[in-house]
Structure formats: structure tokens, C-alpha cells
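First comes one chain, alone, set out as C-alpha cells in the form predicted on its own.
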């Protein structure tokens, strides 16, 4: 693949830039996330076009000023698609979140939810399918004048139907290679959705050439789901490939990662150092247990707090000597389940602090808000990093902490986080439902000999450095190149 003969199109719900119009002039600020960083690096050698929805007021104003079509922004080109507001609401707030998200994280555990009624089906066809079709049409229009090899990379659960719509529009002219950032559950978990909906979803995905997942377990579960939903599917390579309607489709694990160099450089910035000095003063002479999470039910924050509460009850000698700092980022506040979960979290923290504090020391401190510099500083200082999600595609917090920590801190990790597949026994693995086991892991981590802590921390750092965000993206491109070359 060279820059003149190959083209890469990334398609996602949210794009890589924040747009605005000030004094009649367009402005674009590139995001700093790992995916944006990796693709920006590739864009210096390859033609990259990123297609996404215009979501914010600034996005829409920028699009109105600049017009539809492809716009070049430095090394990367972008195209914004303006969705209908009603269709987008159904696509995002009814189907993508919470329905698909909750299914894939297996969070539907009440007799009341979900309720799939006529309005859900209307949202599926009139919202989710409509936006997927609109983005596929934007891709098809954007490649009309392109020559050579074209790779299309749809991102995540928002775009399950896009491969079918795109294949119908352009045939085999492109390689379609989606990547799923969240976990793929067992076939039985998908039975929350009606069979016809499952059939449409899996059939659409199998119009792709290759589907990328976070872990080996995800690929196995996906192929099992295909066989369960579509009787015509045949596994032709165990846990890797299926045949369907005369085509072969691969399922491949590409564990996503972080930009190590960028993070280490940012950790040395004045902004992070200011937070670092503040946190050092606040937690001087005490052990620090850290968690950094979005506020959502799958992160299992409640059980983590309960495990720490039980630890202090069983081991009162640690009171006043161990603190838990929870840096929580509110997420999807438009979804009622998320708002309710935040209220439950804050109520539990209030109860724990009221019953276990001594008037000067409080066991748990919660800081709400998206302050990445503060989180980076906290990663450097933790003695224990607690990560216990019920289900997680990867969990980049674990990788960020492993690279940035300067104290040989111990990582307590849910076995249901995708990162557990790579971290293995270098972390203390726990069941996310096992509050007792998590309590004991806290004790083990705090009492661990220095030599063992150092060995574990070194293994984690080595793993993340070797498998960084650039390696993740490069592996996907290499597999596409093999297909082009007939390998």
C-alpha cells in the first residue's frame, strides 16, 4: 500500500475533530484520543478520509459554512454527515444506547427492562438503519473518483448495518473491515433481541471481509452467535473464519492500546506536574487506591466501593492509612439508567464516609469531571489500581496506569476486562461479582513484598510498550494488505 494507490476510510459516529465557527471563520481542533493519534500517524504515509456525524452545534455551523463533501485538514481529510435530529435520537438514544450497549455488556438484569415494543422497532428501522445507510451512502459517494485499493474501517456498535448497505452500493470494490471496541457477549445474551433483529444485524455484519475484536474470546463468541442466528453460516476455520452466502469472513483479535510516547510526554507537562504536586501533598504518608472510570453500570463501581468498605471493616488497622480516590467521568447523562447509577454511587460513598471516617480522614474521595491531566497525575502515584468491570472491551485505564505509574503499583483487574487476556498473572485477577475476593485482593496488594510488586509492574509496562496503539492499527492494515496481495 503506497500513498498514491491506497485509500483508507474510517467511519464512526463521532469524528476526530471538534469544530466551531468564530467571527465567521471555521476552526477545527484535533482530538487527542488514542484512535485519533494512531490514525494521524498513519495519515502521514497513507490517504486517510474520516467520515462521521455532525453532532454538536459547532459541528453543524462548521458544516453549514464549509459545505458538504470532503475537506482536507492537514494530513487527514474529513467529511461530516448531517443526520436528521429525530433519526439520530432513535439511532443513538434508543438503539445504540442503551439497547445494544446493555446487551453487549449483559446489563439487562431486571424483569422490567428492556421492553422492545413498536417504538423500538420504529427506532431500529427509522433511526439505526437510516443513519447507517446515510453514512454508507457518504462512503460510496466519497470513493467514486478514487482509484486503487480502498479499505473502509467502520468503528464500533453504532455501525453494525453499514457493511451491508455499503456492499449493496459498491460491491466488492472495497475491503470492509469493522472494529468493535466493546465486548461481544455469548450467543445466549443476544436473545434479548428478537430473532428478526438479530438476523438483520448479523447478516449485515457478515457483508464485511474481516471483523476486528478486542480479544480471542470475543471472536469465539461472535462466531458462535453467527451459527446460532443464521442457519446458513458454516465455520471453516475454528475461531477465525466463517462461510456465508458464498463469501469467507474472518474474525480477528486486534487488542487496542494506547499511545505510550504521547502519554509519557504529557505526564512531564507543567499541567500534570501541578496536579502531581497537589496529590502528593494530599496523600503523603498514606497508601492510595485509585479508580478512574466513566460513570456507567458496566464499570461495577458500586461493588468496588463495597469491597473497600468491607476491607476497612475487617482490617480496621488500615483506617487512616489507606485512601481510595475515585476519578469519575459522568457518561450518557441523557440515559435514565446512568443518572440513577450516579445517584446510587454518591449515596453509597456518603454512607461509607459517614460510618467509617474519624472526623479528619475519609475513606473515599470522589471527584467528578473529565480532567485528564489530573488522571495522569493520579496514575503516577497509585499503590493499587482497582479495575473491576462487569464487562469491558479492553479497558485502557489499565494500560495507562501500567505505563505511567512510578511506584510499582499493583493492578487489581476483573477477569471480564479484555485487557486481562494480555496482562495475565501480572495483575491480580478477580471476578467482578466477588466482593470478598476483591476485598482480599486489596489486602494482598497492600501487603505485597516490594520485589514482587516490581516484577509484576515491569511485566505490565513491557506488555503495553510492545503492543501500543500503532501496533494495533498496523496489524489491521497488514491483514488488509495480505488480502489485496492474495495472501
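Positions refer to the first chain, counted from 1. Bear in mind the structure is a predicted one, so any value in this text is a computation, not a measurement.
Omitted here: the form predicted in complex with ligand G6P. The next part is about that form.
Colleague: Within 4.5 angstroms, counting heavy atoms, which one of the listed stretches 189 to 197, 174 to 182, 347 to 355, 281 to 289 is next to ligand G6P in the predicted complex?
Modeller: In the other structure, the partner sits against 174 to 182.
Colleague: Does any heavy atom of residue 315 come within 4.5 Å of a heavy atom of ligand G6P in the predicted complex?
Modeller: Judged by the heavy-atom cut-off of 4.5 Å, residue 315 is well away from ligand G6P in the predicted complex.
Colleague: Contact with ligand G6P in the predicted complex for residue 305, defined as at least one heavy atom pair within 4.5 Å: yes or no?
Modeller: No, residue 305 stays farther than 4.5 Å from ligand G6P in the predicted complex.
Colleague: Tell me, yes or no, whether residue 133 is in contact with ligand G6P in the predicted complex, where a contact means a heavy atom of each within 4.5 Å.
Modeller: Taking the distances in the predicted complex, the answer for residue 133 is no, it never comes within 4.5 Å of ligand G6P.
Colleague: Does the 4.5 Å heavy atom contact test between residue 102 and ligand G6P in the predicted complex come out positive?
Modeller: Outside the cut-off, so no.
Colleague: Note which of 222, 92, 165, 244 lies within 4.5 Å of ligand G6P in the predicted complex, where distance is taken over heavy atoms; exactly one does.
Modeller: Residue within 4.5 Å of the partner: 92.
Colleague: State the residue from 156, 209, 293, 323 whose non-hydrogen atoms include one within 4.5 Å of ligand G6P in the predicted complex.
Modeller: Among 156, 209, 293, 323, a heavy atom within 4.5 Å of ligand G6P in the predicted complex occurs only for 156.
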